[in-house]
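Given as structure tokens, the chain that follows is alone and in the form predicted on its own.
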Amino acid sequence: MQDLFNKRKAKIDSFNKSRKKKEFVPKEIPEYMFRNCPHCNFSISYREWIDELYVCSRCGYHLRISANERIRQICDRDTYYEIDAKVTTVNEHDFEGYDEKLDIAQRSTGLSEAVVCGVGRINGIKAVVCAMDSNFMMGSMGGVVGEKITKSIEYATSRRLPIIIATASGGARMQEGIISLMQMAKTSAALKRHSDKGLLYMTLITDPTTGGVSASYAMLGDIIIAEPNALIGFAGKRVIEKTVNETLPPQFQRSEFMLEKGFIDLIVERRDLKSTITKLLILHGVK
């Protein structure tokens, strides 16, 4: 009996020695649950980013947001309906690689083009609202972007509605050449007709707004609002420095610099944007 016991004990000891100890491996937090602030590198949960309207709770940095998120933040829930949602760009000049870029942009954003235009209510006040999306080919302005914005302006004019355009663009779309540049005059002419009717146009400039967009409808607002630290300008800082042969201030072309020089009217943080727009609409007699 003792021999049998010893044999079994030996087998158990041998098994225990050969068995590898399991190491405790903590479950990794999925990457999408947290995102670091690009400015201060502070780690913020995805839920908090949403609750704070994609503004860093530590340093106040405003993340770039999509056109649909912009509309969600400005307009009352379930009041917005889009105009010309299915209008898409055609590569008329057979620019090499343009079709592929358009396809990638459409699939990655779910948008037909770099701007979403429609009608909604802002704290009960009806308005035309357009929002550009920098995720779609850097918000570049081509023929369809200009057409959608122009038709939205004309819609607002015919129905005597105010219009608000949130800009976010790298400028004219080079793949469309002169057609892209023509949109500057086209949109500006439509805004002149809107203004002649005594109607209100507000611009919300977000980061970045440059090139042909900044040189046209972005700067034609009766009231020009900007988000904090948004890049606003036509040519880039380095190009200007080389042209004038001078070193420009660190905050050159940022919202705060533009406000100081009288180029814009207001800088409004995102959490105050909807209430500020509402007050301005009421102040100008829009009901």
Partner chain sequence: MDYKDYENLINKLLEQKSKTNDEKEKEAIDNEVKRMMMFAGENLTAWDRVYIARHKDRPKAYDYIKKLFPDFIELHGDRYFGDDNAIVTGLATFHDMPVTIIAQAKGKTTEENIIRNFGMANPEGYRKAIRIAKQAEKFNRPIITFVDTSGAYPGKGAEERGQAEAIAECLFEFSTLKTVVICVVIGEGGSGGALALSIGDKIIMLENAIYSILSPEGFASILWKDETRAKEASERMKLTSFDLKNLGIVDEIIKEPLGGAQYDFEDLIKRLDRSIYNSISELEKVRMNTLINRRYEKYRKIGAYE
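Only a predicted model underlies this, so the values are computations on that prediction, with no experimental measurement involved. We call the rigid core whatever largest set of C-alpha positions still superposes within 1.5 Å between the two forms. Numbering follows the first chain given and starts at 1.
Only in words, not in the display: the form predicted together with its partner chain, which the text now covers.
Though the partner is left out of this view, residue 48 does not reach within 4.5 Å of its partner chain in the predicted complex, counting heavy atoms only. Of the heavy atoms in residue 240, some are within 4.5 Å of its partner chain in the predicted complex. Contact check for residue 252: a non-hydrogen atom falls within 4.5 Å of its partner chain in the predicted complex. The closest non-hydrogen atom of residue 192 lies within 4.5 Å of its partner chain in the predicted complex. Using a 4.5 Å cut-off to its partner chain in the predicted complex, not one of 53, 69 and 105 places a heavy atom inside that distance. Heavy atoms closer than or equal to 4.5 Å to its partner chain in the predicted complex belong, across 139-159, to the residues 143, 144, 147, 150, 151, 154, ordered by sequence position.
Relative to the superposed core, residue 262 undergoes a C-alpha shift smaller than 2 Å between this form and the one not shown. After superposition on the rigid core, the Cα of residue 247 moves by 2 Å or more between this form and the one not shown.
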